[in-house]
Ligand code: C2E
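Next comes just one chain, in structure tokens: the form predicted alone.
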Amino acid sequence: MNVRKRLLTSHIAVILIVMILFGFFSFQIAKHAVIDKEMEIAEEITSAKADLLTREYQKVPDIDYLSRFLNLYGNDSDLFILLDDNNNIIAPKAVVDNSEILMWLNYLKNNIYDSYGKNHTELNDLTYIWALYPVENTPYKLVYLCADIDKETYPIIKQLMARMLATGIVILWIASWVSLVMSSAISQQLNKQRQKLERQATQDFLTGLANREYLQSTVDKALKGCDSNKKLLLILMDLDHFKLINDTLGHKVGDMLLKQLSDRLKKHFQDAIVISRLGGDEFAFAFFIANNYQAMQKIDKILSIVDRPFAIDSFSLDTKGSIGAAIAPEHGNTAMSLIRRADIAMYQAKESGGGFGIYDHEKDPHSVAHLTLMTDLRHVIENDQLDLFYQPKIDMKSGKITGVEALCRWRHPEQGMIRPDIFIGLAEQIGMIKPITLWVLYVGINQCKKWHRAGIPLGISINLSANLLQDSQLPSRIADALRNEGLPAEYLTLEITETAIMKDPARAMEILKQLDAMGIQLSLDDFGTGYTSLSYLKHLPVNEIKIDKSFVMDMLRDSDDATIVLSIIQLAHSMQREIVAEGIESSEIWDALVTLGCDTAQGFYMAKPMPADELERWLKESQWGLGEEAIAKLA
């Protein structure tokens, strides 16, 4: 039953109850008014009858004579009874033989005989009115008894009930009409309020998109329709540096940006199951897809829409988004699990600077496998489970090796080789990255010196973590390691990332200058993926710049990547820096980089990372072996 019907029913019920109560009390009042009136009449009749009997008794003091005067007045329902001082019935004699009258008298005896006056009582649904008066100057008293008929025979009450019935019908009709109008108005207001509350419960108040609760319920329902041919893609996205916009331009501008973005998303993704704002600058999308290729299409489209400038007041704002995605059913079968795993993928995308990521359970820091690895990782050094692999760096003019990059590998006793992108992230989470990096540094320097003793004049490149770059004791640690092994500083190259430098630029610059003064070579790794400005770059004491492999690997298919590679090479050369390209996996990319003037190459096309003993065999057998200049330099 809807609200309007409930209100109308309630109004009518209340009106009927009020009418019934009103009628009951009105009837009682009217009845007692009639009784009171009749008692007054009874009293007058009894008084007059008693006076008559007094006068007649004075004339003829005979009880038989008086009894003839008892029923001169009254009607069939009236009865006059003459009593003596002992309350015995004197007249009329017929009363003694009348069982019904005796029943009345026995029931009323205490009330009637105890005191003079008038009264009434109820018996067998009849009202009995009586009056008691003494017959003056005689030993007798007179009782007047009126057995009143049923209440429905009262004319006054009949009229009152008829009028009440008519009035009640009119009131009921008017009240019903008023109730209908009122209930309709109240129902409309309640419906509006209910709709408003439903919107508040399911929509984001700022953008009008769905909120987190509605996203979860909608995705949970949609998951029931997933199978091997119909998957569900859940995407989480947030805006990079949105806090900077709020802090610089104010929250009003930030809110306007979110509204514009929401309008774009609603316009371009009408096929979405749901688009939601989870809070702040975080958005979520759900789509049905048939394969992972369609997932990438959706991700690319979202990123392209976010990349377009936003015109707000007098500002033109550029922003980018970071995306994490999870696909059902393989990544989860509930909305909560998909949201959590998409969030993990988004966090990893931010960490890597890649812009987007799809959930990989092997990288999930909250999975049971990762918790086990985190425990095992604390003991890798003392259990001698770490290995160093070495990937050659080839001079692109001579085609000969100039050095190697040391890359850490973890041999797990049960799981075998653990990918570096998995355990390096774990090491950073549990604070093991610093001891692992120092282990790589010491072992790498020791191996480099061994090669020199064996007549292999290679330099070695070692990656520095962001935490270690902030360690003020790093220069002295490296100096001690070089001195203990007797390795000249110029054979050591330390690779640092833009992200590591920008964590604390002032401290990083101070440490880099100390390392440069020691004669150590410095390389800026993964260039192009961070946020180093050109004005800052020119002050960095780096000897070489490494182009990130994400640009190199696709440079033949993507003209934008090719342009970026060319620009970086020209920039490095103009600043008197060597340029290293990593990620070379084909002869075509090698030839293209040679044409562009790249100095050094690194990639699977020449050689994959390998242990030290395999590298030594590779040097003897490969076309990319040591050059004559390197051998002469060693001599």
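Quick note: we count residues from 1 along the sequence shown, nothing fancier. Only a predicted model underlies this, so the values are computations on that prediction, with no experimental measurement involved.
There is also a form predicted together with this ligand; it is not shown, and the following applies to it.
Contact annotation for residue 231: none of its heavy atoms lies within 4.5 Å of this ligand in the predicted bound form.
Within 4.5 Å of some heavy atom of this ligand in the predicted bound form lies at least one heavy atom of residue 585.
Among heavy atoms of residue 402, none comes within 4.5 Å of this ligand in the predicted bound form. Within 4.5 Å of some heavy atom of this ligand in the predicted bound form lies at least one heavy atom of residue 433. A single residue from the set 138, 385, 391, 203 has any heavy atom within 4.5 angstroms of this ligand in the predicted bound form; that residue is 391. Scanning 129, 236, 464, 524 against this ligand in the predicted bound form with a 4.5 Å heavy atom cut-off leaves one residue, 464.
Between 559-567, 247-255, 340-348, 403-411, the stretch whose residues reach within 4.5 angstroms of this ligand in the predicted bound form through a non-hydrogen atom is 403-411. Annotation for 482-505: the only interface residue with this ligand in the predicted bound form is 495 [heavy atom within 4.5 Å].
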